[in-house]
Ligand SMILES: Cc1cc2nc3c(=O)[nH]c(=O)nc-3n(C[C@H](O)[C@H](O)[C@H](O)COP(=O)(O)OP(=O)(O)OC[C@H]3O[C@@H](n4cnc5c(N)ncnc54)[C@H](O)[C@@H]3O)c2cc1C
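Okay, here we've got a single chain as structure tokens, the form predicted alone, with questions on binding and movement later.
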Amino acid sequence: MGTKVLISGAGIAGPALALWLGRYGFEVTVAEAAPRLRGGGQAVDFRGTTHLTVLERMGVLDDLRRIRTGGSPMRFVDESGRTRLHLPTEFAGGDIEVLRGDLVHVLYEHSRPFTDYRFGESVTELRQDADGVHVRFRSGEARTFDLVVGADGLHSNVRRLAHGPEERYVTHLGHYAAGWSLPNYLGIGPGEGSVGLNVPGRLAAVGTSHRDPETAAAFFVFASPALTYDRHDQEQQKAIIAGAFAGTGWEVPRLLASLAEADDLYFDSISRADVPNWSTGRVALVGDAACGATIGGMGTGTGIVAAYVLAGELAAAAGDHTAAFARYEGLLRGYAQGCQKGGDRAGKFLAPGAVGLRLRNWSLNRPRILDWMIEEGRKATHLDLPDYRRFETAPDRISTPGRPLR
């Protein structure tokens, strides 16, 4: 029997890690607190040869090319509706842009033949000893695994259980972000991307859905000190958003009116996770749980690369998880932190203060500066990838998505 690994989280890094571990012969269980795969969400992107190489080795690159959005240009206006800045598709969309929910579905389908997915389940207790990690789930079930990996995002439950409270590791970066669906009353057409009002410290944007032209998506960002609120109380969160944008012109009153009826609100601080050690004993962290940022930190691509390296190092270590975890962190920490720096700047870029707003618009309206920023974004994603393909099991171990293994 192979090494038994529990992964907490069926977002992006979790299924990607499950896919690779399954190919290397590990026995993989994924526990996801949500009752089903999470759909919807903003578009996410991959850029540069490192991202594309990992996607190609995973066998998902062609699938993603078939469902790519085509990119999302961005237009920023003032309160009278005059355009102050236009950012082209390649600035935000990278080499491949897909909807987050579509990406999750592709990764799930490719990992499903190797993986026991447990939806509506989460970890409530972790206890380690020489025999493994003894886990108790929310359902009351108790099981023992050889290894546990937290792939459960910036607010990681596994990180809390294994390393301590979130406040030790997550830093508020001075802004909050929100998003929700609404009718496309502005008639924004396919390929037009998004249009947003910028006033000092605030962004209120709306863009067309890539799937349904009758639906739009709102995206709000505002500067604020850390707030105290219930992460599970959407009415409280809606009140915070409405208060932050009270008195703002353009289309903001209509967008806020749609918020009252929204049932898919996303609201969170723009924050950064910094964990001194990405593993403790038999428990490791991957993706945003280890070194993430809410937005702007290239977290999707970094999570895919981190899953590839973690699984590869576990396969290469032939059962020595201590060596594998150390090698994984040694290879990835500097890379992930370099990508993460974009998250530090995200709020200030999207909703800058008065001086920052003028400077951003002035500089990015100059093609040379814009082209330089796009190229720097590609460079930030580069990593010399190890090649772990020799550790993959025999071809008959790898099935097509949805078909049981022989």
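In case it trips you up, residue 1 is the first one in the sequence shown, and so on. Note that the structure is a prediction, hence the values are computed from the model and not measured.
This protein has a second form, the form predicted in complex with this ligand, left out of what is shown; the following refers to that one.
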Per-stretch contact check against this ligand in the model of the complex, the hit in 81 to 89, 116 to 124, 204 to 212, 321 to 329 (non-hydrogen atom, 4.5 angstroms)
116 to 124
So, in the model of the complex, is residue 65 in contact with this ligand at a 4.5 angstroms heavy atom limit?
no
Even though the partner isn't displayed, in the model of the complex is residue 42 close enough to this ligand, meaning a heavy atom within 4.5 Å?
yes
Does any heavy atom of residue 310 come within 4.5 Å of a heavy atom of this ligand in the model of the complex?
no
Can you check whether residue 229 is within 4.5 Å of this ligand in the model of the complex, heavy atom basis?
no
Among 300, 111, 271, 279, which has any heavy atom within 4.5 Å of this ligand in the model of the complex?
300
I need to confirm a contact call. Of 339, 31, 350, 55, which residue comes within 4.5 Å of this ligand in the model of the complex, counting heavy atoms only?
31
In sequence order, which positions of 94 to 110 have a non-hydrogen atom within 4.5 Å of this ligand in the model of the complex?
100
